[in-house]
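Take a look at this single chain, the form predicted alone, given in structure tokens.
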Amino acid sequence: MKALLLAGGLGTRLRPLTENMPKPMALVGNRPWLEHLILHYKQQGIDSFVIAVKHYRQIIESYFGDGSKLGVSIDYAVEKDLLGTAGAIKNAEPLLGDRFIVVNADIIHHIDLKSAIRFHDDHDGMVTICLTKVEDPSSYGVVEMGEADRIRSFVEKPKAGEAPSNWVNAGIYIMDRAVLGYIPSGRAVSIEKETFPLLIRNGSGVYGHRMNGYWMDMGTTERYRQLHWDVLDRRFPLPIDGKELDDKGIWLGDNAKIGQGVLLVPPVMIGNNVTIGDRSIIGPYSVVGNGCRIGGGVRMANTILWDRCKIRSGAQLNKCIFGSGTHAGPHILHEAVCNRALEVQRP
């Protein structure tokens, strides 16, 4: 079975972090999320992938190539124009088999794929939609369930108090090839507004699988930040690179150079080839990317640095997110977000 990873969107809600990169390539724990996703599926027996690409496609293609460095096989389905979820699936049709998994590649999750596949086989439907339960469904596509886990309808982003349930579309589908016959080619097609309602009206068998496990839509900087806190608190069982020091919630990468009098306040993750100057305090809830240079006397909490950032001596950072190559300081910065190699300073 192949997995089709939909990675062609613009990622507008996570800007400025995604101004010059595909959203699934955003770093999570110092690795692109898309890499974590592929490795998670590989662990569950999926080793053949198709990645649907458009926005900055060269970044994904140059990073993963044919997938051999990860021990998997990767093909690419290139969208000339943005085609929507269903349109992107149709565009990949020549690369798909009789049954396949479709995943919105920017959805963060850790689920048991095998149980979802068994559910699909047991129900003998055309589509299985994985569902996750949320407290506030008003930002999602909510499903109305009938008997035997059959989906009766969708309500897209219902108003508060009007949702038929708290079970929402998790952006993970198991499909039979016959679905492709219901998707027109050559134009953008919404799977939630067009394809699924059509299949439901035709009685084609659309079922909902209530899944357990971690799930998050990292569509905002607030959620992106919370995702990292969940990783550091081990609520999300994502593998963390580096060695944990004495089980104290401090992860230290290779070749890290820690100056005199530095205090690492857990939980904190320090990447490879990082330099931290004397008397700095890093943490709690901070992630320092590979190759970062942090000066002396820096105070950093609740902050995420991508690779190769440079923080000048004396800077104070709280709730900041800096993309790769960002230079900052020596000022007090609160909730600053930047993804360019610029000087980030207080006005």
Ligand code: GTP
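Because the structure is a prediction, the values reported are computed rather than measured. The numbering used is simple: start at 1 and walk along the sequence shown.
The discussion below concerns the form predicted together with the named molecule, not included here.
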**Message:** So in the predicted complex, is the named molecule close enough to T12 to count as touching (4.5 Å, heavy atoms)?
**Reply:** yes
**Item:** 4.5 angstroms heavy atom contact with the named molecule in the predicted complex for T85
**Value:** yes
**Asked** Closest heavy atom of E79 to the named molecule in the predicted complex, within 4.5 Å or not?
**Response** yes
**Message:** Quick check on L6: any heavy atom within 4.5 Å of the named molecule in the predicted complex?
**Reply:** yes
**Request:** Choose one stretch from 48 to 56, 62 to 70, 291 to 299, 306 to 314: the one whose residues place a heavy atom within 4.5 angstroms of the named molecule in the predicted complex.
**Result:** 48 to 56
**Request:** Quick one: from A105, V168, I151, A92, grab the residue that has a heavy atom within 4.5 Å of the named molecule in the predicted complex.
**Result:** A105
